[in-house]
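A single chain comes next, written as structure tokens; it is the form predicted on its own.
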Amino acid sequence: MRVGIIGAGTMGLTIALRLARAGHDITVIEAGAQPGGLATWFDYEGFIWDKYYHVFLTQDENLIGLFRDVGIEDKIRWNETRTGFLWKGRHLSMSNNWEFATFPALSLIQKARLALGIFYVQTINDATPLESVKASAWLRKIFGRRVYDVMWEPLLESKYGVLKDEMPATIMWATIRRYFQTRSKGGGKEQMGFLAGGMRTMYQALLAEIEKSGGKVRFGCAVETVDNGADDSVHVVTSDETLQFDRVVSTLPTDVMRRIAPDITEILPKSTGRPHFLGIVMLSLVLRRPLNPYYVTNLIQKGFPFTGIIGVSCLTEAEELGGNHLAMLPRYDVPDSDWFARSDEEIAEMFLEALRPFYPDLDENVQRWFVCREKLVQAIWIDAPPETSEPPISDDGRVWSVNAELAGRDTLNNNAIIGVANRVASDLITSIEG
């Protein structure tokens, strides 16, 4: 059966692989010049690495399973990482149990409550009751006001900005569970993984496997409209031609798909509301030396224009980056924020100005900088979560809308996306062949 897949990100390519291997005639249509979507790669003028920051954890079974499936398991690299905090002008480490016990921002009683709260969150397996609870109230109840004020409230504000007080508790439940699963049971050290060559390694392997199974991927092919044809096919109109398929799977955000397929009104999510979105504005710094020894520096000191400091080379080491070091400074904000209208130069200067008091040699250390931005990154279900994790499907079964919104309460990560893609691909194959 002829199946068109709109979007060559992680979702689209994973579905394409499953369908192509099942013997279907697959064409992936991608507006950009390269695959990957939000997880694509970037030329840092001297080396190529991920455009945004990505790691995986030992429990990411869907993602690691895909690595095995496309023959790149030998490219997996695991490293011990460290976590830092910037608090009252001080760089603090919380990378093992001893550093947790001596962490000066909290009293002994508060640290005990933090530890017990984290343990309690790990025991919650069904977060459904938390969908109608605000994260701020939930965190205060579990950890206490002082721990919330010092630790969680600044992190909520830096991560979610103007949506901070509206965030559902499910987001923080998923975040805490995922992050603290990186810690070893013994000394509390954390371990994270990356691919040699970055996420580009996965996308190149996916493309090769799709083509090996007879599938095609077309780049620079923007979709203008999607409509049902009179011949029981689905017409996908691009700037160059009209393509005809028996089935179409869109991985575009629902509101985007709604605009380009206005006559296929039934492909709407089964929900009484729509998600809010957060976008990202990020400054990447190519450095001579790492800013600090931490993969993540959490900002529990307020006043920064960015969310945190991601020391990419503290995970990958400089050899992966052509001998350079790389740090990323993300800012998450709503799509209509004026940050998306600011020039690269203005963003870079504001971010660097905020860094200079804490890194006196910053200007000498920075070799190059780059600003990247995306308006639609993470779907946040505030008003009404989706009633089901099943994808919206047109009444005739010919058009499927499958995107990151289906990850629901999960945090945005490739493991969650691949889990959705695997499930949808299986359902679609059953639908076609059943």
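Values in this document were obtained by computation on a predicted structure and should not be read as measured data. Residues carry their position along the shown sequence, with the first being 1.
The protein also exists as the form predicted in complex with a small molecule; that form is not presented, and the subsequent description refers to it.
Asks: If you check in the model of the complex, is I380 within 4.5 Å of the small molecule, heavy atoms only?
Replies: The answer is no: I380 has no heavy atom within 4.5 Å of the small molecule.
Asks: Answer yes if any heavy atom of I15 is within 4.5 Å of a heavy atom of the small molecule in the model of the complex; otherwise answer no.
Replies: Because no heavy atom of I15 falls inside 4.5 Å of the small molecule in the model of the complex, the answer is no.
Asks: Just checking whether V286 would be counted as a contact of the small molecule in the model of the complex - the rule being heavy atoms within 4.5 angstroms.
Replies: No - in the model of the complex, heavy atoms of V286 and the small molecule never come within 4.5 Å of each other.
Asks: Would you check, heavy atoms only and a 4.5 Å threshold, whether R398 touches the small molecule in the model of the complex?
Replies: Heavy-atom contact with the small molecule at 4.5 Å: absent for R398.
Asks: Could you tell me which stretch in 66 to 74, 33 to 41, 363 to 371, 390 to 398 has residues with non-hydrogen atoms within 4.5 Å of the small molecule in the model of the complex?
Replies: Among the candidates, contact is made by 33 to 41.
Asks: Considering L139, I309, C314, I280, which brings a non-hydrogen atom within 4.5 Å of the small molecule in the model of the complex?
Replies: It is I280 that has a heavy atom within 4.5 Å of the partner.
Asks: Which listed residue (R146, H235, R178, H276) meets the criterion of a heavy atom within 4.5 Å of the small molecule in the model of the complex?
Replies: Spelling it out, the residue with a heavy atom inside the cut-off is R178.
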